[in-house]
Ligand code: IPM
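Taking the form predicted on its own, here's one chain by itself in structure tokens.
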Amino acid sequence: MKLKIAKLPGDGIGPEVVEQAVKAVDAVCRRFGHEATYSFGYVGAVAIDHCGDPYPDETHAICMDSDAVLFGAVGDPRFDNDPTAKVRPEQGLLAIRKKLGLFANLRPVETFKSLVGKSPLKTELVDGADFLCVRELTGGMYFGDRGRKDGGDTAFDTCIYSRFEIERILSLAFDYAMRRRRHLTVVDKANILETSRLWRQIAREMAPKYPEVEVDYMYVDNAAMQLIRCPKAFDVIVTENTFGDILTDEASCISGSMGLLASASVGAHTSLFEPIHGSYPQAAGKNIANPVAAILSAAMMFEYSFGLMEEGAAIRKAVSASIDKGIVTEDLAAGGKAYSTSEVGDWIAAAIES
């Protein structure tokens, strides 16, 4: 199979971890007889520096012409520390989601046997945790009207959701629950927010269409507590944009490191695959960042975009082997030998081929 992949490394550690993901993709192609071609695009702060736009039209054209997008990260302290900046790197990622129609972010959370002791939570709580977070991506406060008034002393962000937006993300979540353990948790704040009441209303309307799925409803504050208290109680979690952003980052502590969690953003056009960690500018260029999340994002790409399940499994098997053998970066080394980003990537690529 010929695979056309848009490569958008972005900022910070993005280029380093995407490079390791590409090594894994190329190893899979050599082993299984596929051919991958890559088209580079600017995004984020590097795109602002290059042409003043965090998601240039040229990059969008590359994404639209590709079968899948491998994405690194966006973000730069120059913009974080300037509240007056009108153009920001993160606007590039929001633009990608909007223009490609990527309305759903899928973040699987699972544990590695050899790493359960690395989690800040007790081993008996996290061992065996395995759930999927489905986050709505193109609505809510991230895309609602925002601004300042009263001479800049009052700020507002508007959260808006339509029935169409809610129905399509809930439909996807129900479908994934049917493929898994048939348990769906709808997370909202329906005791306070009108948008959440609409989410819950529509979820209750749709639930009878999926009689095999057990549906429960949870306020976001309780969900945040239960993710830590009993993560094994969850199967599929679905929620709106802002809540999903916060909860999925919280869930990263279950596996022991944010550097282990991959994600897929799917929708109308080309799907995008990215690690959930940010640009981590403090580590940029030091060859110390954990590339596993980016490499596992490549595994999701084979599975979700191309339907190549054996190829995705080959990456996952190699990643598990690297962790079991202690071929890990400093965030997981815990006093043992820490390997560099590129060394971990090289080891995993070699393991895929062998």
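Counting begins at 1, following the sequence as shown. Small disclaimer: the values here were computed from a predicted structure and weren't measured.
Below: the form predicted in complex with ligand IPM, not depicted.
From the list 91-99, 218-226, 163-171, 183-191, the contact stretch for ligand IPM in the model of the complex under a 4.5 Å heavy atom rule is 91-99. Within 4.5 Å of any heavy atom of ligand IPM in the model of the complex lies no heavy atom of F131.
Ligand IPM is not shown here, and in the model of the complex it never comes within 4.5 Å of any heavy atom of F243. Although the partner is absent here, R107 lies within 4.5 Å of ligand IPM in the model of the complex, judged by heavy atoms. Ligand IPM is not drawn, but in the model of the complex it has a heavy atom within 4.5 Å of Y142. In this stretch, 121-139, the one residue having a heavy atom within 4.5 Å of ligand IPM in the model of the complex is R135; the partner itself is omitted from this view.
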